[in-house]
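A single chain, nothing else alongside it, follows as structure tokens in the form predicted on its own.
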Amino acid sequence: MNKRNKKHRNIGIHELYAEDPIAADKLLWGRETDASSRRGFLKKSGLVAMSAALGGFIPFARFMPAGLIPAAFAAEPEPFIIEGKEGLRVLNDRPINAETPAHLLDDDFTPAKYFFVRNNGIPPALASMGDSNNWQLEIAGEACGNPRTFTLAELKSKFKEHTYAVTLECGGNGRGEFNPPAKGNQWSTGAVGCAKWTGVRLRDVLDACGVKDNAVYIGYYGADQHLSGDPTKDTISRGVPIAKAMEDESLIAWGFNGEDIPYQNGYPLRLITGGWPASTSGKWLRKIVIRDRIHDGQKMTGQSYRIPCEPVAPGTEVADEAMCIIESMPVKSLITFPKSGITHALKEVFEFRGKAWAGDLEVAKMEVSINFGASWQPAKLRAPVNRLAWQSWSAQLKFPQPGYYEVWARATDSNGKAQPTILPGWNPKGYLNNACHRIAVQVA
């Protein structure tokens, strides 16, 4: 059941009752509360409405406690469904942002239904797209020698196709753990995924349009609409240095695990620049500009996707000029099996497994701990299928006695830098939390 609050945001019955159960009663059913008995008295219209919603008369409605969600609604699904997605935790509905629980990231390549959603605006309507082969991409900019426009069909026919497994992670993944809290979506660990992306190399298309000697950066523009509805405002327009754009794995992509890119993840065309914040991989791609300066599009300036150039104390106000653009993401890992909270038999050896990645680098070592980081044991680590893909790992653990345990996972990158066991340095926007992932295990 959905209701709209004053901000016109669709929320579910659980969220509505969590905010204020008595107010929810009054809003939904017109139920008045007796302060002395905490009973809720339904007006005739409210009784009719609740009976209709439940599918039958409520004989003992007079005894129903105030602020109680009817049991028939207790197992209600998420406030709304994201088409093509399953099991994701929705953080925001305007724009849509949803993360994937760690136990759903166990596949070598993340299925479309489990790939996280990070939107900044409103995606272009599918009905307005027409034949995807006619989708147009413009290449321009001050450092572009020969500006051109390609249809998707022309990209497919004029340039060599490539497929790479590339990990994309939101720069704010893990933001929910920072204290003092940082503004923005309160991601836990699930704003990450690795898929096989198919398209053409960005550098091949840029070279065909002429990259001048003064080229410094590229920037992108997408077809998503600003939340205000103002067509003159860009939702997001970020980019990367020209050297990053020219890497083999930087793609203009239309394929995802052998199929079309999912609608919420940028169908029919998006940019892929792995290892850096996923915000550099623009969705619903319409235009790429080759710049003679650092790109200054929406969310490239101020404090967006930037951290203090020097460490600061938690809660410090940092001036814009003291903030530096985030480039390669830090080393990180997840336990993807088993799900946190599992009960395990004491004498049995248990295999744990997960995923690890390290921005532009490779993961060199993987370790696990069952004693809150007092000691660590090595895990088996597989090599990536290609650069910028995440790596699978596994470990066999045996617990010494019954009780409550936490399994911690720690990855170390090819430069020798390991994940911290506690939160890394605080920053005003809550970026780059790569603290060790941990799960609870009850040993019987």
Ligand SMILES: Nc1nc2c(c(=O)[nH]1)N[C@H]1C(S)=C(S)[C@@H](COP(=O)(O)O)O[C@H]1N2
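These numbers were taken from a predicted model, which means no experiment stands behind them. Numbers follow the displayed sequence, beginning with 1.
Separately, the form predicted in complex with the ligand exists; it is not shown, and the next lines address it.
Taking the partner from elsewhere, Arg175 is found to have every heavy atom lying beyond 4.5 Å of the ligand in the predicted complex. Among heavy atoms of Gly274, none comes within 4.5 Å of the ligand in the predicted complex. Shown alone here, Val117 lies within 4.5 Å of the ligand in the predicted complex, counting heavy atoms only. Contact between Lys283 and the ligand in the predicted complex is found at the 4.5 Å heavy atom cutoff. In summary, the region of this chain contacting the ligand in the predicted complex, judged by heavy atoms within 4.5 Å and restricted to 149-157, 204-212, 333-341, 230-238, corresponds to 230-238.
Contact with the ligand in the predicted complex, defined as a heavy atom within 4.5 Å, holds for exactly one of Thr189, Thr167, Asn265, Thr110, namely Asn265.
Note on the partner interface in the predicted complex: the residue among Trp254, Tyr305, Trp135, Tyr217 having a heavy atom within 4.5 angstroms of the ligand is Tyr305.
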